Ligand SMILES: CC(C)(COP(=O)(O)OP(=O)(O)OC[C@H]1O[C@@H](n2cnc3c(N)ncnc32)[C@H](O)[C@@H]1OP(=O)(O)O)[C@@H](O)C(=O)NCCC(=O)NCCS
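One chain comes next, on its own, written as structure tokens: the form predicted alone.
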């Protein structure tokens, strides 16, 4: 490691950074695609490990905000573009990048960081905790009837990508401010999503974007069509990539639209909340088959006190948490949290702890979607004061289950 230099990349080094980022995922960027990607320098913050002037490992982060319980927000860099060349595995490069990144976050005054994990075994050792889950699901359209009828009145409109660039970010931002666990999407994220390159389609159609409006309520769905004919019978699939709405009735109408697209034998949904209410609207709910249930957003408290003060709590209470943070020892210690629905105060203390847990478990519980009692049952949290787990879960729980729909 003594001959390894870690630093941000320059504009001239950006193409090499992109190539090095993609190789660990088995992707070679074509010359034609690189002409487009080379214009994206500055879309996110970069770090790279250099050996003899050559990039051998990468990391980066998006400039994002995270919606917290109580509908407060915190700036939360979204870690991305993490990879190590196959020739340089097991040399401590990932650990060095993660430590350098966290040092920079603390220097910038960040309270938390987030990421999506390519493998769930990787990031716990760096203090990230699994905080939200997602479900991919599919349903045959022949069995997709609702129990009741939807109220008429909402308008539906298909829009092209130019109009989508104006409309979709506004609708999403309004939605994400009221969805605990959702992150903001920077301009560079939207540019790449709406560009919709052919390599991102898996052989399916270009994206269709449908917008639903009913007074002040709004939502949209972005989907692709996987064409298939079984002889003379249409048997295509609508793949719903994103479906977001500012209220439940609008979300229901967008579901209904997707389920009613002509010539579709089935509809698949890439990312749904585990408790999506649409299952309860189906006449035959078992027909909605989960194809994936897995982790999604991981959260890392970078500054424990500031992170705990940033959110609101379901009930008022006081807890002393002993936080273990081997990877970022300056974060470690006992913290007294005095919090409730109107705000929180957190400070270091020498008082006896109510709970003892690692910073990763604190990250898992941070958004209110993972109970501390469950973590304790798994041997990941220690209750030091009788009854503290119950009090903590009452405080940390979220009335809005956390969910993140953003892939970064």
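Residue numbers count along the first chain shown, from 1. Quantities reported herein were computed from a predicted structural model and do not represent experimental measurements.
The protein also exists as the form predicted in complex with the ligand; that form is not presented, and the subsequent description refers to it.
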property	result
Interface membership of residue 116, the ligand in the model of the complex, 4.5 Å heavy atom rule	yes
Residue contact check: residue 121 to the ligand in the model of the complex, 4.5 Å heavy atom	yes
Partner contact for residue 90 in the model of the complex: the ligand, 4.5 angstroms, heavy atom	yes
Interface membership of residue 145, the ligand in the model of the complex, 4.5 Å heavy atom rule	no
Partner-proximal stretch of 166-174, 81-89, 257-265, 244-252 relative to the ligand in the model of the complex, 4.5 angstroms, heavy atom	81-89
Proximity to the ligand in the model of the complex, single hit among 283, 195, 289, 125 (heavy atom within 4.5 Å)	125
Partner-contacting position among 321, 94, 102, 272 - heavy atom within 4.5 Å of the ligand in the model of the complex	94
Partner contacts for 16-39, taking the ligand in the model of the complex and a 4.5 Å heavy atom cut-off	24, 25
